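Only one chain is shown below, in C-alpha cells, and it's the form predicted alone.
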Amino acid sequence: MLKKVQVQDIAFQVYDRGSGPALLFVHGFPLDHTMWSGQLEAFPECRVIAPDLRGFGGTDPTGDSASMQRYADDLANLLDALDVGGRVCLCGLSMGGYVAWQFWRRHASRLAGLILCDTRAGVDSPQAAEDRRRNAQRVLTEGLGFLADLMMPRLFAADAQPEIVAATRAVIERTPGRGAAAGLLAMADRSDFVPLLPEVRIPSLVVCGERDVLTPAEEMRTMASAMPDARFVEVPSAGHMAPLESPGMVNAAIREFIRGLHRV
C-alpha cells in the first residue's frame, strides 16, 4: 500500500490501495499523507491514492524552489506513473487545496470532481506573505520546532483529541527543512483564484470545520456560493484539521459526493 514511485526526478512516497474510481488525497502544510489516516481505509469502493508532495514526508527533497503549479503537475505525472486511467476526484486540505486549484487550471480534463477542505481561493495579505518568506529562512537554520509552536494552536479545536494533536506535531517537526521552506515560498507566491471561482464548473464539495480560525467557515461558504456546482458542509466543533478531528462526518460527506459522481 505504501510504496515509492519514480516520477521524473523525484521518488514519491505514495499510499495506493484498492480499485475503482480514483480518490486522490492531497495533504496540507507542513504535513504528509498520514493526515488522512481517518480516510485512507474508509472508501473500499475507490482506489485511494495519497502521496507525500515533493519535499514532504517520505518523498525526495525538492530543490530550492517550488510552486503550486509544480505540485499540481507532479500529481498529474504521478497518476500517469500509477497507470490511473479516467478522471479522478481530488481532495485537498489547506495547501492541498491551493494545489487543487492549479490542478483544475492545468489538468481539468482529468478531474471528475473537487473536494476542498479547510482552504481558500484567495492569496495572503502582504504581511502574511512576508511572514512566510521569513519563516522559510528560519526553518532552514532552526528546523520546524518553532513553526510547530506557531501552528499547533491554530490547527485544531481546543478540545481535539490529544493523541491526534501530538501525532500531528510530530509530523511537522520531522518535515525536511528544504521541503518546508519551498512550500512556504510557494504559498507566499500563489495565484488568486477568487476571480476564477465562477468558472469552476465541475462538481465540488467544500468542507470546513466550524471552529477553523485559519480558513473560517464563513469565508469558505462564500467561496462555495461563487462556484456553479458546489455544496458546502460545515463540520461541527472541528478546527482546521476537520478530516482528522471528525472523520465520521467528513467521510459521510465525501461518500455521498463520490456516489453522486460515479454512482458507486
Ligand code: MLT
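In this text the structure is predicted, and so the values were computed from the model without any measurement. Quick note: we count residues from 1 along the sequence shown, nothing fancier.
One more form of this protein, predicted in complex with the ligand, exists but is not displayed; see below.
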Whether Ile202 contacts the ligand in the predicted bound form should be assessed with a 4.5 Å heavy atom distance threshold; does it? no
In the predicted bound form, is there a heavy atom of the ligand that lies within 4.5 Å of any heavy atom of Ser94, even though the partner is absent here? yes
Considering non-hydrogen atoms and a 4.5 Å limit, does the ligand approach Tyr98 in the predicted bound form? yes
Does Leu40 reach the ligand in the predicted bound form, with heavy atoms at most 4.5 Å apart? no
Candidate from Leu79, Ala181, Met187, Ala121 lying within 4.5 Å of the ligand in the predicted bound form - any heavy atom: Met187
Could you spot which one of Met151, Ala160, Ala129, Leu111 gets a heavy atom to within 4.5 Å of the ligand in the predicted bound form? Met151
Select, from the options 229 to 237, 192 to 200, 27 to 35, 40 to 48, the stretch whose residues sit within 4.5 angstroms of the ligand in the predicted bound form by heavy atom distance. 27 to 35
